[in-house]
Ligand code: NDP
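This document starts with one chain, in the form predicted on its own, laid out as structure tokens.
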Amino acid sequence: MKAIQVAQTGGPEVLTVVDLPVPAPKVNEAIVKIEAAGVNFIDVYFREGRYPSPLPFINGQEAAGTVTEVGSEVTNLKAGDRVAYTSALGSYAEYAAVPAVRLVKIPDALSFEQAAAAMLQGMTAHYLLYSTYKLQKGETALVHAAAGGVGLLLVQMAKKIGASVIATAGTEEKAQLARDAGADQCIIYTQADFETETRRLTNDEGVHVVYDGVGKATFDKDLNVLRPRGYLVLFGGASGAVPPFDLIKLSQKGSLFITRPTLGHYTATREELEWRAGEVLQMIVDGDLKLRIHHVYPLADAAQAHRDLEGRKTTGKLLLKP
């Protein structure tokens, strides 16, 4: 089978096409013939070595496809089942051996592309809004990079809850995508200071929560746009890691909260995984959540997909097609 392997960490050029045997399932695994694989910033972190993994490894954390074989202890799946998953390394390939406990069945109404586009980013938006900081009707949230894959889903879900959304984006085109998703206000951060604008838009009261996947470039100002006892939910570092930080600043700026969550801790049990995935996939079926698939690349073009993702050239979801 073809796969995209990382033999040494580094830039996009380390993503190498290799030929490997189709894996055999362990007792608790299923083999999935991958029809579409998601491209996400966590893949960049693994490729760079920011998230360490033994070398060599097949990159990728998210995919959808068809079960071809199951291990001897797997009872909830059979060959032919349409499934999707995230948080299991190795999806940039034609086949993957996946722990059966991580696989969820796809509704018949969804395509493989939709399912692959929804798992990581959809469940991320879900846990951020419904669990990390449980956003309430009438509250105001600031969503950074609102035209990105997670950002567009955050905006839609937040509006479904009944919250007000202030979105940031880098261009007018991206700002319009955020408005189309339901954002009440959009700040083009290349043209205006998002701290100043957010304070103005909230009558200097600040927002209840900031959902930030950008990191280093936005962190300091995030703290200045929160109301007292507000929450900064830092779920990514697209602009780089946040430097060491003195916690006394949290009291000085209004007894603030900061959390750095990851999806794995919010899908730690089978029950929670099924709840989140089920709600997200059903929202798509019902038309309450619209996916934006920016581009589908051939598997061999994984390096270009990473360059486009890191270059902020994309809006919505990137997929690889084996």
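Keep in mind the model is a prediction, meaning the values are calculated, not measured. Sequential numbering from 1, following the sequence displayed.
Below: the form predicted together with this ligand, not depicted.
Within 4.5 Å of some heavy atom of this ligand in the predicted bound form lies at least one heavy atom of residue 310. In the predicted bound form, at least one heavy atom of residue 170 sits within 4.5 Å of this ligand. By the criterion of a heavy atom within 4.5 Å, residue 263 is counted among the residues contacting this ligand in the predicted bound form. Residue contact check for residue 46: none of its heavy atoms lie within 4.5 Å of this ligand in the predicted bound form. The putative spot formed by 23, 91 and 322 is not touched by this ligand in the predicted bound form; no residue has a non-hydrogen atom within 4.5 angstroms of it. Interface residue among 83, 150, 181, 225, judged by heavy atoms within 4.5 Å of this ligand in the predicted bound form: 150. Of the candidates 112, 235, 95, 231, 235 is the one whose heavy atoms come within 4.5 Å of this ligand in the predicted bound form; the others do not. None of 159-167, 238-246, 103-111, 75-83 except one has non-hydrogen atoms within 4.5 angstroms of this ligand in the predicted bound form; the exception is 238-246. In the predicted bound form, this ligand lies within 4.5 angstroms of at least one heavy atom of each of the following residues of 194-219: 213, 214, in sequence order.
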